[in-house]
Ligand code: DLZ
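Next up: a single chain in structure tokens, the form predicted on its own.
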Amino acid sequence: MGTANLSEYDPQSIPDAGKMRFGIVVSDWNRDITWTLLDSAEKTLRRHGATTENIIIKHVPGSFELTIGAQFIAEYDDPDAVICLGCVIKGETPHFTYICQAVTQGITQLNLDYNIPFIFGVLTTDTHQQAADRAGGIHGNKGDEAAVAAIKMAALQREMEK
């Protein structure tokens, strides 16, 4: 397995997010990880021009609730993209598998049902250390990656609508 840093990208390749509106829905379960993802995503959006008032942040109890939280943001806050941030760490029961499948399918379904991008920023790891490595550790921060993806996808949609 490589040690790619998820936070490395060419800043010049990112469109200006100054006139874009973003929703972020974040799971409070494993909050030492998810809030780090949130902080990074928010900073990355602002670094590329998004204003604080155009970044809507909503918290949900766990990763399973990310999909309904994201749907609420889409329906009530008129975003250009919604970033879903969570962390599911494998335990001793099949719970991990069910939650990961449900969240993946739910976010995919939101992308198909709504005319805006929903970004999958959910860590699905075997250990807490693997999650920490992807939330500001040796592999960068998945929050950065999710924010960059949201900006690029919102820009793509605007380009296609012209």
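When you see a residue number, it is the position in the sequence shown, counting from 1. Remember, it's a predicted structure, so these values are computed and weren't measured experimentally.
Although not depicted, the form predicted together with the named molecule is the subject of the following passage.
**Student:** Counting only non-hydrogen atoms and a 4.5 Å threshold, tell me whether 27, 61 and 64 all contact the named molecule in the predicted complex.
**Tutor:** Checking in the predicted complex: 27, 61 and 64 are all within 4.5 Å of the named molecule.
**Student:** Only one of 110, 57, 99, 132 gets a heavy atom within 4.5 Å of the named molecule in the predicted complex. Which one?
**Tutor:** Of the listed residues, the single hit is 99.
**Student:** Just give me the single entry in 84, 88, 73, 81 that has a non-hydrogen atom within 4.5 angstroms of the named molecule in the predicted complex.
**Tutor:** Filtering the options by heavy-atom distance leaves 88.
**Student:** Heavy atoms within 4.5 Å of the named molecule in the predicted complex: which of the stretches 110 to 118, 49 to 57, 27 to 35, 133 to 141 has them?
**Tutor:** In short, 27 to 35.
**Student:** At the 4.5 Å heavy atom threshold, is residue 95 in contact with the named molecule in the predicted complex?
**Tutor:** Yes, residue 95 sits close enough to the named molecule in the predicted complex that at least one of its heavy atoms falls within 4.5 Å.
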